[in-house]
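Shown below, as C-alpha cells, is a lone chain in the form predicted alone; questions about how it binds or moves come after it.
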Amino acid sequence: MARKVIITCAVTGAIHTPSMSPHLPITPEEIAEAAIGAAEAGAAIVHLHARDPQNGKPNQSPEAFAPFLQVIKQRSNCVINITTGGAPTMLVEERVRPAAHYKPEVASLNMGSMNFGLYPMLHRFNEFKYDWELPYLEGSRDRIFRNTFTDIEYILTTCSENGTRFEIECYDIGHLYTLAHFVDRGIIKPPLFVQSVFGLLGGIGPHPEDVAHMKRTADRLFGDNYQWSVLGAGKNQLAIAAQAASMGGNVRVGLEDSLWIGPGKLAESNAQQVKLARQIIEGLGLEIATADDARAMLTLKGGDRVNF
C-alpha cells in the first residue's frame, strides 16, 4: 500500500496583513469557506486563526472563532486545529483561550521564544488599508515571540484534560530538544506531530540541508514516536513540501505561510495551494490521507468530542 501523507492547510494566520492580498480570508464567512474548500481539495487538517472582520487584525478571543468553527464542523469532516500561537504581540494567557474553551482535536504549540522578523515584507508591500498593519510589521524588528518553558508548560497543562493533541511547531533545531525535554518529563506524550518551519526570519533557513538536518535530529530524538510535517514560508512552500514528502514527511500549505502560487502570482485560494501539494504527493506515488486517516495516524480523540 502507498504511504499516506497528511496535508494541513493554514488558511489565514497572523503573519500576512489584509493589504497584501485580496484573497486572504478575513471575515468568519471567508475563513469558513477557505477551510471547507481546502478540505474538499484534499486537506485532512485545517489550522485556524481568527481576525477582526472590520480590519483583519488578529483576534484571539474565543468569540471570534465561534462563527466559523460551527460552520466548518457542520459542513466538513476535516480535523480542526486551533492556534495557541495567536500573534507575536499576544501573551500566552490570551493565546490559549480558544483552545482551552473549544477543546479541539488538535491545537498548535510553539516550542520556543524567537525573533520573528516580518519587516522584510515592507520591501514588497508599502501601501496599507488599515493603520495597524505598518507598525505591526515594522515592530517585528524589536519584537520577541515569547514562548518560554513556563509558557509552553502552561499551554500543555491548561489543555491536558481536554484530550487535545498538538501540532508542535519547531522553528529551529533547539526547539526539537525543548520538545524532548517535555517528553522526558511526561508532560507531552507520543505520538508527536512535529511541524518543522523553514524560511521565517529568526528561525532555521529553507536550504535542503536544513530540511534534512531537522529530519535527522527528530528521528534521533523521537524514533518511531512521531509524525513529521513541514511548512516552507513564502516562495519555499512547495519546494520544501516536495522534499519532505519524498523523505517520509507530511506537508502544510495555506495562505498563512505563503500568499503565492508561483513567482509573482498570488494564490487565489487556499484550495489552489492544496491542489498543487496534492499533485506533488500523488506524483511521487503516494496517497493523501483523509481526515479519518489523520485521526488514526495521530491518535486523535475524534470530532464528536470537541466543544463546538
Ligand code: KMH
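Remember, predicted model here, so these are calculated numbers, not experimental data. Heads up: residue numbers just count along the shown sequence, starting at 1.
We do not show the form predicted in complex with the named molecule, though everything after this point is about it.
Taking 176, 211, 200, 78 one by one, only a single residue has any non-hydrogen atom within 4.5 Å of the named molecule in the predicted complex, and it is 200. Exactly one listed residue, out of 108, 227, 236, 140, brings a non-hydrogen atom to within 4.5 Å of the named molecule in the predicted complex: 108. Residue 171 belongs to the set of residues with a heavy atom inside 4.5 Å of the named molecule in the predicted complex. Proximity of residue 85 to the named molecule in the predicted complex: non-hydrogen atoms within 4.5 Å are present. Contact between residue 300 and the named molecule in the predicted complex is not found at the 4.5 Å heavy atom cutoff. Contact annotation for residue 49: at least one heavy atom lies within 4.5 Å of the named molecule in the predicted complex. You can rule out all but one of 253-261, 34-42, 266-274, 64-72: in the predicted complex, only 253-261 has residues with a heavy atom within 4.5 Å of the named molecule.
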